[in-house]
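Just the one chain here, laid out as structure tokens, in the form predicted on its own.
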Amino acid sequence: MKIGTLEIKHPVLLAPMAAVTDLPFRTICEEHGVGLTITEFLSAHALKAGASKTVDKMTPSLFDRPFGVQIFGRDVNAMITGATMACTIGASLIDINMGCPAKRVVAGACGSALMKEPTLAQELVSSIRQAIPEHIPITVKHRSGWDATSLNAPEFACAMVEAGACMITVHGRSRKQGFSGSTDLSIIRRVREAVPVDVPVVGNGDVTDVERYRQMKEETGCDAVMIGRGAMGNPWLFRRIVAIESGNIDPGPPTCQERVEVFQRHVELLYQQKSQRLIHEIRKASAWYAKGLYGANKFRQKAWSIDDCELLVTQATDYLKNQSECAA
């Protein structure tokens, strides 16, 4: 798949997620074959103000792997500043968030609120397009619409492409739905049918296993699939999808030993990359890799009561090793 001049080897992407897609997690997913990772969504206003908490999250992938940076906002100058900063650190593409449903984001008329202001949304895309190097693609991620009465995703996507977007990602829920209910695959198909064929359309929402990946591709005709929550504690999903897309046999879910090894690799990356709130990050990782296993809820409660990093890693490793059967 080509996004402008950027070629993506595998048609599966990691969704940008706040407090999730940090560098350690992105690296784990890259090591399991994901086609492209994107940073946590970053406030353009905070980037322009030089807020270290936000600036520090704008991290390039290791080993010169391609990566995207996602920014959100509604002020043209701030968005240009954020995009320029992303280019400076070597971002392969700039993704503009027009889909976040969080109250604090839409309260500032950002994220999915921009779907109610297509003219301003177009101005943001076109202004950034003019401000950054031509070879760096601009992409847009948005929802099906604001609510059930305004499912304007096809028209909105076309407007973004007209303004200069090289790829559209559609989450098949409205802003009002948040993450409740089910993803509407039909509207993703409508976007694919509306957008010019040379512009990739990426489907997003509810893809948590190989079967749903196949369903998303088959029912929407999308060029690629973006996976978010389904990858948390399950980077093997990318390995399985890559195998299938390459015409190989699905390697299936991880063994318990693989689960232990990847958890330990994740912790190693956390120690290398995180200087603050390390115990909190290890707790999150422990909970992710325990998901779906016997006694996971009890273990998560225990993990949140441990304040020593080394003890927590030992306890989590022992828990994972003692599982007789690992979930997909």
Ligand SMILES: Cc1cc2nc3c(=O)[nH]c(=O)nc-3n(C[C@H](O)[C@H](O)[C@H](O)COP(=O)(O)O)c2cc1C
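Here the structure is a predicted model, which is why all the values come from computation and not from measurement. Residues carry their position along the shown sequence, with the first being 1.
Not pictured, yet referred to below: the form predicted in complex with the ligand.
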Interface segment, criterion being heavy atoms within 4.5 Å of the ligand in the predicted complex, picked from 153-161, 123-131, 78-86, 200-208: 200-208
With the partner left out here, if you bring back the ligand in the predicted complex, are Q70, K141 and R229 all within 4.5 Å of it by some heavy atom? yes
In the predicted complex, does Y289 come within 4.5 Å of the ligand, counting heavy atoms only? no
Using heavy atoms and a 4.5 Å limit, would one call E30 a contact residue for the ligand in the predicted complex? no
Quick check on S174: any heavy atom within 4.5 Å of the ligand in the predicted complex? no
Check A18 for me: does it contact the ligand in the predicted complex (non-hydrogen atoms, 4.5 angstroms)? yes
Within 28-57, the residues having any heavy atom within 4.5 Å of the ligand in the predicted complex are E40, F41
